[in-house]
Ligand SMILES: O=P(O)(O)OC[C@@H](O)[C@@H](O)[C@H](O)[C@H](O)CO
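Here you get one chain, nothing else, as structure tokens; it is the form predicted alone.
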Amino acid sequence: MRRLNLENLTDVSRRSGDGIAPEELTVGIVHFGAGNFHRAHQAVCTEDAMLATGETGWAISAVTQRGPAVRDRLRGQDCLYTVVTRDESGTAYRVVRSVREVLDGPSETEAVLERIADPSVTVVTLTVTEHAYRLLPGTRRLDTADPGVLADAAGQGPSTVVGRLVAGIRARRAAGAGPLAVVSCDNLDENGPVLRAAVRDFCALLPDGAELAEWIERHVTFPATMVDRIVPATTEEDLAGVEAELGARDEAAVVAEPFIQWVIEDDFPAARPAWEKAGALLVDDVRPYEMTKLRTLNACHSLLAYLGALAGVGTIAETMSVAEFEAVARRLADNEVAPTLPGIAGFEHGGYVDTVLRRFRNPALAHTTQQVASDGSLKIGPRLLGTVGDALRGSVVPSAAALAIAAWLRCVLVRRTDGGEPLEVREPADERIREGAGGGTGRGVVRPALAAAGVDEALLDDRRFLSLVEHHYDELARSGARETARSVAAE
């Protein structure tokens, strides 16, 4: 079967719908992290903005972070790929054209730096996951003792995201290419300020870091964002379905739900795409939207993933068919999260919760519990611990949030489902957490394991919180995920 490419785009478009002409586009955005989420979210929004305005200068140069596999797949089909949108009502296919270049960050470093230094580029965006920022647990500042960070600062690289970004900004300053907006689109609360601080911390490691940091302060902004779209891993079955529908093989197809949301802080020192024409919200303050999404959608997603993984349930959609799991997720959102949220004009949280849970039920998306459960030490802070602290200050018992944390710990430390099957959940702090636990798995490990994961000592000293986590940890061991969830939902 022929590969999707520019030569057969006209024929494929008869089946997938017309779009912007690739040959008319020029690069105006560099994006770090060429994975499925970016290709189903920012790349789609950017293409829609160009279609709405007729502006053609916002094509994307996508930079891979983990090696050349994605680059090679996309280059083999002229950087074209299909977004497959699925829900209960059916499936739609769209060939996206906005990515016009793909570079492998590790092996094509000079080309990446040259792109960032290009005056035609005024925006850098990132979807690299929380782990790639190399932040210290708890403080969310750059880990300046990280070997990769130190190697980048010593001039051996760059290999890390922040090191590569700062090297690109340095090249831009040398080229006199003008101001730049660096837009993190990762699920970090206050992702813009966090990235700005990480860049500052990295500059402090450089011989000329003070001068570079001053230039960045005057010429580079770091708008905060909130992004939302469920994009599971693509399967071979998905690729076969695209091939059958379009009559061409697409090795880079991505699958997504119809829902898409992007809220962006309007802080750009130079030109940007008219993303608002594609449905994005440009606002003065992203924090209320960000907090609502992280504490509601992402927290419930994590809770369902940890419980589902322990129960041996394969996908998030399948967890939603377990009444106890849906009930405890709704308790978390309605009883514990809602009282902690700031108000948003015209926004009704109960309706948002209904929408979130309906999206989780989408049987057309095979989003696995183990995939969502990964990197928990990086996620529990923004998704759960903020709710816990605010709930306790407001005399709300954060029982469901504590259950999520207990379930995550059991996934990491016990590595077995309730039925005794092996359970592998990716956890970057696994070694540190296990050392903190001292090899044990009983309730006595809860406090030292959470401390090793970076949970604030003041919160660990609050017996209201710690007792809840210890109790749920015991109940999960004694009764399993379903029974424990049923008990918490009924409180």
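Keep in mind that what you see is a predicted model, and the values were worked out from it rather than measured. All residue numbers refer to positions in the sequence shown, first residue = 1.
Here the subject shifts to the form predicted together with the named molecule, a form of this protein not shown in this document.
Although the named molecule is omitted here, in the model of the complex none of Ile29, Arg115 and Arg170 has a heavy atom within 4.5 Å of it. Checked against the named molecule in the model of the complex, the residues Arg97, Lys379, Arg410, Arg295 give one hit for a heavy atom within 4.5 Å, which is Lys379. Exactly one listed residue, out of Glu130, Asp418, Asp238, Glu318, brings a non-hydrogen atom to within 4.5 Å of the named molecule in the model of the complex: Glu130. In the model of the complex, at least one heavy atom of His367 sits within 4.5 Å of the named molecule. Interface membership of Val227, defined by any non-hydrogen atom within 4.5 Å of the named molecule in the model of the complex, is confirmed. In the model of the complex, the named molecule lies farther than 4.5 Å from every heavy atom of Gln77. In the model of the complex, no heavy atom of Asn362 sits within 4.5 Å of the named molecule. Stretch-level contact analysis of 266 to 274, 327 to 335, 194 to 202, 229 to 237 against the named molecule in the model of the complex, using heavy atoms and a 4.5 Å limit, identifies 229 to 237.
Contacts between stretch 371 to 390 and the named molecule, counted in the model of the complex as any heavy atom lying within 4.5 Å, involve Val372, Lys379, Arg383, listed in sequence order.
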